[in-house]
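Here you get one chain, nothing else, as structure tokens; it is the form predicted on its own.
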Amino acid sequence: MKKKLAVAGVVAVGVALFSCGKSQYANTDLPPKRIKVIKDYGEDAAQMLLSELKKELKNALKTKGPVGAIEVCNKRAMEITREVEEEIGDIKLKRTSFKYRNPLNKPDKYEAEALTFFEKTLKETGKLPPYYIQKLDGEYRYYKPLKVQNVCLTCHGDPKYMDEKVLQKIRELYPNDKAIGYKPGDFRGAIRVSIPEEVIKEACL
């Protein structure tokens, strides 16, 4: 049985949360009710993926150390993404960034638009927007931005302060790696949640 995301009651709660018309965090005009439903579906799915990835990483760090954890991420991150998709059903997930490690996470043109929106807004306002929504043909895309946490620096920090064995393993597994040189609080990238338009329409009935 597919796991249903926790969106019960979102319509009633959400109407009052947005002014009419285009949200400042969307690329098109959407009714307030629809924005709220997309947000709830997107946030629930993104949090599910983050929870599973963090659990796997924490266990790998504990049992195999940083070098072993890189190997686990190399083999398991995409598998976990597919497993969460299978558990949810209909919704597709992807982690993406301009400074990607795995080439499969390279942004397409729509994802690049969202990443640019986050970067530009952060630069202009000093604050990272909480989300971004795109309306595409047949689907909505919800983006949850990610910040670099202290634990991330073990594998994504300044190479000058990283363990040489960690760096060697990264170079071995990801010869074209772009995902280093971060500081705590930096914008890392986003989780993209693709939701079929029909799913949102049904939830808004």
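Numbering starts at 1 and follows the sequence shown. Keep in mind that this is a model prediction, so the values were computed, not measured.
A second form of this protein, the form predicted in complex with a small molecule, is not displayed here; the remarks below concern that form.
Partner contact for residue 128 in the model of the complex: the small molecule, 4.5 angstroms, heavy atom: Contact check for residue 128: no, nothing within 4.5 Å of the small molecule in the model of the complex.
Distance check, residue 105 to the small molecule in the model of the complex, heavy atom within 4.5 Å: Residue 105: contacts the small molecule in the model of the complex.
Residue 31 within 4.5 Å of the small molecule in the model of the complex, heavy atoms: Contact with the small molecule, no.
Close approach of residue 156 to the small molecule in the model of the complex, 4.5 Å, heavy atom: The answer is yes: residue 156 has a heavy atom within 4.5 Å of the small molecule.
The small molecule in the model of the complex: contacting segment from 109 to 117, 131 to 139, 85 to 93, 67 to 75, heavy atom within 4.5 Å: Selected range: 67 to 75.
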